[in-house]
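Single chain ahead, written as C-alpha cells, the form predicted on its own.
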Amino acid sequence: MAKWKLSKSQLRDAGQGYLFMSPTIFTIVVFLIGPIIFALYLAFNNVNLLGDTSFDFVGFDNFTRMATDDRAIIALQNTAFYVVIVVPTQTILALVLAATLNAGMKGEKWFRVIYFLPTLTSSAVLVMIFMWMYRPDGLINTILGSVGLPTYNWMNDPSVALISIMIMNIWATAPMFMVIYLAALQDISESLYEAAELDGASAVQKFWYVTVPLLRPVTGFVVIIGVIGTFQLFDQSYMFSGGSGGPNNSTLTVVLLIYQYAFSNNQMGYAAALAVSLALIILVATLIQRKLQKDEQVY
C-alpha cells in the first residue's frame, strides 16, 4: 500500500487555509466547545463558586436527584405542555397567514409588514406591553367584558398564567415562520395547481393535497426550530413572574429553574445537570422529528 504524503506546496496551502480559519476556530473552541465541555464537567460535580471555589465529584448524583425534585418535575411538565400547545399552533397559524398572503390579496405588501412587526419587537418590550394588556382592568379583559365573556386574572391565576405566555409567544413567533412558508409557497410551480384545477379540485383540496405535501420539508424545519425555541423559554416567564416561576410554579420552566439553581441557590453543578438533561431532551425531540420527516426537498 502506497504511503500518502503531502508535498510542501500542499502543506503550505493547508497551513494558509487553517491560518485564515484560525479566528473562527478559536471562537468556536472558546465560546462553543469549551463551555459545553465545562458544563459536562460541572454536571458531575458539587460546585461552590462563592468564597473558596471547590469542585467535589459526585458522579450521577445530580442527575438522579431530578427524579425526586418536585420543582424540576413541575418545570418539565410546564415546559412540555408549553411545547405541545405552542409549536403546532404557531406552525398552523404561520402556514395560514402565508397562504393568505400568497393568494394575491389586495394590499399584500402592507399586510406582510403588519404581520411581521411582532417579530421585530424586542422580547422585553413585548412582555411589558402584554403585562399591561393582561392587567385586571387591561385591554384584554375590557374587550372580553364588553362582549359578555368572562374575564381572568391573567398573571396571578395559576390556571391561566402559562396560557397567557403561550398567547403572547404565538403572536410574536408565528410571523417569522410565516416568512419561511411564504418563500416556500412562491417556489411551488403554478402548473401543479392548474393540473389539480383541471381535475376538478376545489381551493381547499388544492391546498390540502398540493400545497401541504410539498411544504412537508419546510414544515419539518419550522417544527424543529419551534421545538428548540419553546424548550428554551426563559425571558417571558422570568419577567411575568419576577423570576419566581409563579404563581404557584405555574410559569416555572426548565431554563428558569436552571437559572434559579445556578444564580440564586448557588447549586451550579445541579443546574449544569439540568441543562445537560434539557439539551439531551431537545436533541432526542429533534432526531425524532428528523426521523419522521422523510422528504427533505421542496419539489
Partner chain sequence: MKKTTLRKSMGITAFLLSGVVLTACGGNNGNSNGESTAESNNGSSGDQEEVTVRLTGWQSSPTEQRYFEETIDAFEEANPHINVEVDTIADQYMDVLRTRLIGGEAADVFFLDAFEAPGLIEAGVVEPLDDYVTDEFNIDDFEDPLIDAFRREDQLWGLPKDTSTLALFYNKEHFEEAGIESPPETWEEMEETAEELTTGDRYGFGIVTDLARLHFIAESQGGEVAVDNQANFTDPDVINALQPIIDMRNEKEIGASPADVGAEWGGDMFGTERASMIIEGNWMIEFMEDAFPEVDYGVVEIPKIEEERSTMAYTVSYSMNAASEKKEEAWQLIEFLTGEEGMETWTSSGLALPSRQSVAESLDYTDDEIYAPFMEGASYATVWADDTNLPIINSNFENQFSSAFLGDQSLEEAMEEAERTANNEIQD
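Positions refer to the first chain, counted from 1. In this text, all values refer to a predicted model and were calculated from it rather than measured experimentally.
Beyond what is shown, the protein has a form predicted together with its partner chain; the following relates to that form.
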Quick one: does residue 242 come within 4.5 Å of its partner chain in the model of the complex, counting heavy atoms only?
yes
My question is simply whether residue 137 lines the interface with its partner chain in the model of the complex - judged by any non-hydrogen atom within 4.5 Å.
yes
Would residue 59 count as touching its partner chain in the model of the complex under a 4.5 Å heavy atom rule?
no
Residue 259: heavy atom within 4.5 Å of its partner chain in the model of the complex?
yes
Would you point out which of 75-83, 88-96, 152-160, 204-212 contains residues with a non-hydrogen atom within 4.5 Å of its partner chain in the model of the complex?
152-160
Select from the listed residues 128, 113, 198, 143 the one whose heavy atoms reach within 4.5 Å of its partner chain in the model of the complex.
128
Which residues from 52-83 come close to its partner chain in the model of the complex, meaning a heavy atom within 4.5 Å?
52, 53, 55, 65, 68, 69, 70, 71
